[in-house]
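Given as structure tokens, the chain that follows is alone and in the form predicted alone.
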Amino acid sequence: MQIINARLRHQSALHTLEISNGLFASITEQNMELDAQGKQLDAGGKLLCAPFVEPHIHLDAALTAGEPSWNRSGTLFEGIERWGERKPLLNEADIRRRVLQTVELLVQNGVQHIRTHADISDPSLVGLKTLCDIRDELKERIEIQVVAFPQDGLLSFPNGLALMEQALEYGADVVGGIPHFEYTRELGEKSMKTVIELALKYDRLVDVHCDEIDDPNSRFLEVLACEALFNDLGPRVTASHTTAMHSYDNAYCSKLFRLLKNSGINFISCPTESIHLQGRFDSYPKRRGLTRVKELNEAGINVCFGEDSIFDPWYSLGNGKLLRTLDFGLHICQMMGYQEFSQALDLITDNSARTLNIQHHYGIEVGKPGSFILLDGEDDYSVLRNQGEVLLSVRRGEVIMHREPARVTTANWIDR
């Protein structure tokens, strides 16, 4: 496959890219005329970039909002209660139907890499097993990582640790945790040490729902980062949400950021979900509910955005469009300067790839897999401002999604 007239991020010249045997064979600054005889694709000056990465979603819970009842308070903990009511209704067919529908939605919106959490606070492990099986079945079309997520606590839920080991033995890619939901502070701290021990034992990545609460005294992040640092696992460890950080005082954060920077761990923020769930106990002033994305980014700490939910007990909206999530995130975090706009796509592409630890086979570089998306825009700024559609998604040289741009005609109602 040859792609001509393509714009690349942060480069003004048009480029021609060659894909051979599923890999980028060449990337050159030139503008060639379309040759109808060859297998060419004319990008038409649109932006070609690495595929979108969804680093944090719960596919096992997707499309279950209101089943059997709605989260009326809009809180995280009622969401967990509503999900607890839905879990007894889970079976492989139910999960498979909803997961495949949601994955298709993500593919339609330019996503080629997904990290999904699977609730293992269920002795049957039906969600975890079904997601692992779907991961293996779809591996040629999309890359999925499955997190063994102890929704009701790793150490507080009966046999939680045994279920975690069963999940890892079945094939979960990532060890999860939720320290702020454990019964005591001591159990929360112990769970963070246990998560790192399991990652070392099974050679897995780590992704913890960490301090997803408004409580400024919830400080399990420092334990996770310290354990990652001392065990030299930083780049393989992720702290998701960390919303308590918006309630930490600046003196503590100045100390904390030194540890975070030295540890090398990654961060995921889910802006639409967090601004909905957090601050629920506030009247006014009311907290925004997100971690310090702007400050983490400026400190050179890897941070990215994820959707978290699509129509589930925690968040009853969501449409698979990471550009929508990016738009919300930049507004909420007050990252509205031109320099931030010009690098905005990093938060749903390159930074997310680092978080998933897939950077070695991700990106628009010679020798890497010939995977990309074509966006309706010329650069990060124009794509973000206009919420440009994903026009094409190519994985290893094969088209997996193609969208025809909408055509709009307006009447001549303005005298010029």
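Computed from a prediction, not measured in an experiment: that's the story for all the values here. Each residue number is its position in the shown sequence, starting from 1.
Form predicted in complex with 5-methylcytosine: not shown, discussed below.
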property: Non-hydrogen atom within 4.5 Å of 5-methylcytosine in the predicted complex for each of 212, 273 and 312; result: yes
property: Candidate stretches 249-257, 144-152, 167-175, 189-197, one within 4.5 Å of 5-methylcytosine in the predicted complex by heavy atom; result: 144-152
property: Position in contact with 5-methylcytosine when the complex is considered in the predicted complex, options 76, 225, 205, 106, heavy atoms within 4.5 Å; result: 76
property: Residue among 128, 239, 322, 277 with a heavy atom within 4.5 Å of 5-methylcytosine in the predicted complex; result: 277
property: is_contact(residue 233, 5-methylcytosine) in the predicted complex, heavy atom dist at most 4.5 Å; result: no
property: Partner contact for residue 80 in the predicted complex: 5-methylcytosine, 4.5 angstroms, heavy atom; result: yes
property: Residues in 92-126 with any heavy atom within 4.5 Å of 5-methylcytosine in the predicted complex; result: none
